[in-house]
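Shown next as structure tokens: one chain only, the form predicted on its own.
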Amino acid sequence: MRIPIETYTLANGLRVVLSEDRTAPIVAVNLWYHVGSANERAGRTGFAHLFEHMLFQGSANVGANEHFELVQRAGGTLNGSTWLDRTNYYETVPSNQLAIALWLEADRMARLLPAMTQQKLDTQRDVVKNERRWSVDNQPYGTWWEKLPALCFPPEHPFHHSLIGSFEDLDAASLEDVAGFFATYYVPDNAVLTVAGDFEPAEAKRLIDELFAPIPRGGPRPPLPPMTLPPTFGGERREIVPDDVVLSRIFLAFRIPPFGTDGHYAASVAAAILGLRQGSRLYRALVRERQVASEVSAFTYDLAKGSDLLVLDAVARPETELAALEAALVAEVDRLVADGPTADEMARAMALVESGFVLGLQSAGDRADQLSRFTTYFGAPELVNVQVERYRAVTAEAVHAFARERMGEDNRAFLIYVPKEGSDERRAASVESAVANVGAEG
């Protein structure tokens, strides 16, 4: 599978990627800004995520929420997301609506600030704070995705702090702070625009030149602090979180090479062997055979700067003691470290990883997102066409070497959730419910 790719850069620094595919009459517009929570300064966390909301609150020529209305009325879909090292915005629309999607993205890149008001900031600040209450503070295990980076990255590291930010930092954000953050990072020379799907290239280029070329480039951006870390933690790290939960849960993280390196591909295959779907080693051993876990998974953060993380996630069954769950989890890791993967495990993992990647490229929206991703991180969208070969190049020996080097006792961080005192009654009720559900499923 080879995706056609054409790239060029406007005079203002905006990198453009075009990928024509006339299979279906839809076109995806995808804009990545190379800014995430890593770019936030101390005392002003949560800005990148706040902008995920602010950028849908209108610009000089678009009313609040009108961006959603125009795209959806045209038959399209849209959204945005924020991560530690990037932010993306995207629309997929019928082919004849390409102009409106490009115009909306250009208008908010060029003219968001004139429409930004204290009322909009206050409203979206409250929305984000409610999102934090809903998805973090009042969600079982919801704090894991800020506690785990805090456990794995040192305090001075840009990936250490919370992506969604604290109430204190969000409350402290002034309109001037927010405007300054936008003017610094949401500029053409810090962005990648990808158009993928059914479009006429000459017309797309004409529209892009007309709409985006007049936008001035940004000023200098503050450099990130050094992000390179030692290859391992240098010992075991452990944090136990008594929480309002009914089942214990273990997140076991390993420091691994950053996304895009040979070591990262070996780590991805190791993650698939351990925790991808029901044929994985952890599922077979912990869920099906020993029945100490109800759910297991494994994933990488896919961070392209400094160091990345591989995370194993296991949720205890109601009757399982935490020690038994941890022992079973660690035993499977130790077995991979000692013996490496089998040929069958390699074949299964490679098939799942390859099919997952290729199937992900069938959608115009996902294809555009991958092209923006490789352009943003590496300046090379054509890397999307060699990903399958990069995975196929991973050998069992490489996975075994990775496990020996990065999954030993000197590179393990345990984030463990346990029911806090006073939750016995809730736990008992949950046990009863879980047993009933298991019986019903059987």
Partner chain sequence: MTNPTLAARRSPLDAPPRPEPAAPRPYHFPRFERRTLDNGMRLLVAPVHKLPVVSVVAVVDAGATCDPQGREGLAQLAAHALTEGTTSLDAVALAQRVERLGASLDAGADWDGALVSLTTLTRHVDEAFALFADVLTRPVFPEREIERLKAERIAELMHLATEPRGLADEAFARAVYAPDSRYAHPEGGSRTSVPALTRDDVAAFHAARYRPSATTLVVAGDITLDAAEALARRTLGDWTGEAAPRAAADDRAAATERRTHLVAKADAQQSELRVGHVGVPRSHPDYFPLVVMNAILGGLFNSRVNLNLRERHGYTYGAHSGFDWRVQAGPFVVASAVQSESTAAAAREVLSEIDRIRTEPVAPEELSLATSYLDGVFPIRYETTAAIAGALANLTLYGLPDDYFDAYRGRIRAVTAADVQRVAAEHLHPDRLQLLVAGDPEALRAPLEALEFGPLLLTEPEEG
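Computed from a predicted model, the values in this text were never measured in an experiment. Positions refer to the first chain, counted from 1.
This protein has a second form, the form predicted together with the partner chain, left out of what is shown; the following refers to that one.
Looking at heavy atoms inside 4.5 Å, which stretch does the partner chain contact in the predicted complex, given the options 222 to 230, 280 to 288, 260 to 268, 332 to 340? Result for this chain: 280 to 288.
Which residue among L303, I215, L325, L193 has a heavy atom within 4.5 angstroms of the partner chain in the predicted complex? After the contact test, the surviving option is I215.
Just give me the single entry in R255, R86, H157, R317 that has a non-hydrogen atom within 4.5 angstroms of the partner chain in the predicted complex. In short, R317.
Contact test, all of Y8, S162 and E200, partner the partner chain in the predicted complex, heavy atom 4.5 Å: Heavy-atom distance to the partner chain in the predicted complex: none of the three under 4.5 Å.
Contact label in the predicted complex: T45 to the partner chain, heavy atom within 4.5 Å: T45 lies outside the contact set for the partner chain.
Residue-level contact is defined here as any heavy atom of the residue lying within 4.5 Å of the partner chain in the predicted complex; does D244 satisfy this criterion? D244 belongs to the contact set for the partner chain.
Quick one: is E66 in contact with the partner chain in the predicted complex, heavy atoms, 4.5 Å cut-off? Close contact exists here: in the predicted complex, E66 approaches the partner chain to within 4.5 Å, heavy atoms only.
Even though the partner isn't displayed, in the predicted complex is G235 close enough to the partner chain, meaning a heavy atom within 4.5 Å? G235 lies outside the contact set for the partner chain.
Any residue of 144 to 179 with a heavy atom within 4.5 Å of the partner chain in the predicted complex counts; write them all down in order. Those in contact are F167, L175, E176, A179.
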